[in-house]
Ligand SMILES: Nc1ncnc2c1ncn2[C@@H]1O[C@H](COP(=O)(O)OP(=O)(O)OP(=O)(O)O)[C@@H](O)[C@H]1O
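Single chain ahead, written as structure tokens, the form predicted on its own.
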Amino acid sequence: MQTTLGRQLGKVAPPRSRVQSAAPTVARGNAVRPRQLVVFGSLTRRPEDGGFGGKPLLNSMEDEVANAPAGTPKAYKPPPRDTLRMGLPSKGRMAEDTMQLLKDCALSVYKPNPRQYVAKIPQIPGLEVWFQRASDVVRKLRTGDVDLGIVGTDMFTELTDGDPDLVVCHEALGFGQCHLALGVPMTGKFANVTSLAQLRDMPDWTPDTPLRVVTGYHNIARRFFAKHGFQHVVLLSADGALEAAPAMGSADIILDLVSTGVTLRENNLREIEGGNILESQGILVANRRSLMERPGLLQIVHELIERFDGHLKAESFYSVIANMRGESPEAVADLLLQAPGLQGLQGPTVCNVYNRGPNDSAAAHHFYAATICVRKKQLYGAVKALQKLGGSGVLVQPMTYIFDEEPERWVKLCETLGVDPAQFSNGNGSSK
């Protein structure tokens, strides 16, 4: 497959002091423009810094340096430190959603000065919070300058895909949901292009007139187009407003994050079948070496996973309490267990409801209170079912946490690391 180190995707040119080079011309209609070049430099160093030979960095830091040409700088090692560090996005919607998740999980980030880039979480002593650009959070995770961080799947995949030094601890934090997709013009020669295969098979793409794709995700794009058999592709860079590039004539299509699709449509672009490349949302990532070597980090990750899972699971449910008539608690429970949607998580909780009889006589129970967990989407149907069974005084309450015995994600993480989860399960988040 052709890619763009000037002409060929897959042929790597040595880095220059500045990433600029004379470009051959590309004919477009009656106009002749210089071909825009893309140089794949190392993802942990700028190309002008000398780098690792100008190729996508997809292996571990140690492997990258071991395979680098003679004269390449040795592997970067972070300076010694005793503190534990978590990197968080510093700007944008991802930063706002991250802070909201921590707040919902009763983790308050204390930053006395809004201009500061370092903060702390009082509920987790010994953990420093460092605010960085999302891309820099990933880079610092790779080098070990931070130990864990919250980033988007898109950025993580673009900068680290295949890196064994990083471990995804939680792959679905429930915010920042979007997907990485192709955006193709609705008109002109693309008017009848509705699938990836049709886009690939257009006769327009030749060595002299390749498919021009503007994107900020060059590594993902390079792998995607190679996988799907595209022969002539040029990847272009832009710092923003990618949707305008096809209309300006500076690109044929775009590859970018899509949330609702409104921005695409308003710029006369559309998605095509097979053009959905990657689903993305917030994830919790850690440096493998830090997990194994920094005392206390695994305990913190255990606590974070428990808090996140407990909150995210509870967000999908309401706690519903109803007064029920019945001969016994068992009879009420049996009635609920036979009704669809009223079983709760593991079954209903039934207890006596006491009130006074006539003339203020001694307290006696005439009802049973049945408590169940109901999915939010099924709430109204559950309430009507309870009423049909004789339920009254139905109370609906939001839920804050639902804690399981041990989060499945934590058990899988321990298996990945080869550690025993039991040593971290004494109930206070610290090892025995």
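Numbers for residues come from their place in the sequence shown, where the first is 1. The model shown is predicted, which means the values in this text are computed figures rather than measured ones.
Another form exists, predicted in complex with the named molecule; not displayed. Remarks below refer to it.
Proximity to the named molecule in the predicted bound form, defined as a heavy atom within 4.5 Å, singles out one entry of Ala247, Ala197, Leu257, Cys351, which is Leu257. For the candidate set Arg289, Arg223, Arg93, Lys313, a heavy atom within 4.5 Å of the named molecule in the predicted bound form is found for exactly one residue, namely Arg93. Not displayed here, the named molecule is approached by Gln177 to within 4.5 Å at the level of heavy atoms in the predicted bound form. Taking non-hydrogen atoms only, Ala181 never approaches the named molecule to within 4.5 angstroms in the predicted bound form. For the chain shown alone, Gly152 is a contact residue for the named molecule in the predicted bound form, at least one non-hydrogen atom being within 4.5 angstroms. Contact annotation: Ser280 falls within 4.5 Å of the named molecule in the predicted bound form, judged by heavy atom distances.
Shown alone, this chain has one stretch from 343-351, 300-308, 153-161, 123-131 that lies within 4.5 Å of the named molecule in the predicted bound form by heavy atoms: 153-161. Contacts between 206-236 and the named molecule, taken as any heavy atom within 4.5 Å in the predicted bound form, involve only Tyr217.
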